[in-house]
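Single chain ahead, by itself, as structure tokens, in the form predicted alone.
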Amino acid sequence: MLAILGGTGPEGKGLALRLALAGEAVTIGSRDAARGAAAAAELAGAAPGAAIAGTDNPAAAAAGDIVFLAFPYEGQQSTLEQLSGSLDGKIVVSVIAPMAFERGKGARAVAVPAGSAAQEAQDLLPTAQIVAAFQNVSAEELQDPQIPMQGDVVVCSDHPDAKAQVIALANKIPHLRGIDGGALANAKYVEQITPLLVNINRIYRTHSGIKITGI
């Protein structure tokens, strides 16, 4: 069972849809159980027969074997402190890319004292297996099953088996490719690509991603 905390946002909903279409059972978590259930019902209409449920974040965290963090960075510390007991020992996938928007300048990366949102999550959840992935995939395209996905998903972690499982999940989404990005410390660079892509998308009015050549 996959759980996506903050699954009512664009990235969370998109990942829930694509992973459910790939055959995974997915539970969407939200701060409000009714919103989680509504998001699941909406996605079920786009993916008939897929296993998608919705509830609140604590119930989703408890139910998930692999738990995705797809909420805004600003809520990370309070959310993980609240849910730490339910996440002990689990694979926790950080999709978070801390960024801010400045009028007239676009998006910029937000400095994180721990180095990255993923490293901060590992500090907050010392017994969990934190994996950073999916930060550079277009939320808009994820939500539209008629659009073929393209690009690479760079996956970083200090836990080899957990990293391999997340790479396998990325590979289950047609036309995406999971790439081993090394240690969790490298998540900083992957997260900081996201605001760059946001700015490129604004300039060219597109949904860009990344592709690693030579592999």
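Here the structure is a predicted model, which means the values were calculated and not measured. Note that residue numbering follows the sequence shown and begins at 1.
The form predicted together with a further copy of the same chain exists for this protein as well; it is not shown, and the discussion that follows is about that form.
Residues within 4.5 angstroms of a further copy of the same chain in the predicted complex, judged by any non-hydrogen atom, belong to 177-185 and to none of the other stretches in 65-73, 23-31, 177-185, 37-45. Interface membership of Pro58, defined by any non-hydrogen atom within 4.5 Å of a further copy of the same chain in the predicted complex, is ruled out. Looking at Leu197, you'd find a heavy atom of it within 4.5 angstroms of a further copy of the same chain in the predicted complex.
Interface residue remark: Ala53 is not counted as part of the site for a further copy of the same chain in the predicted complex, having no heavy atom within 4.5 Å. By the criterion of a heavy atom within 4.5 Å, Ile173 is excluded from the residues contacting a further copy of the same chain in the predicted complex. Residues from 6-25 do not approach a further copy of the same chain in the predicted complex: none has a non-hydrogen atom within 4.5 Å of it.
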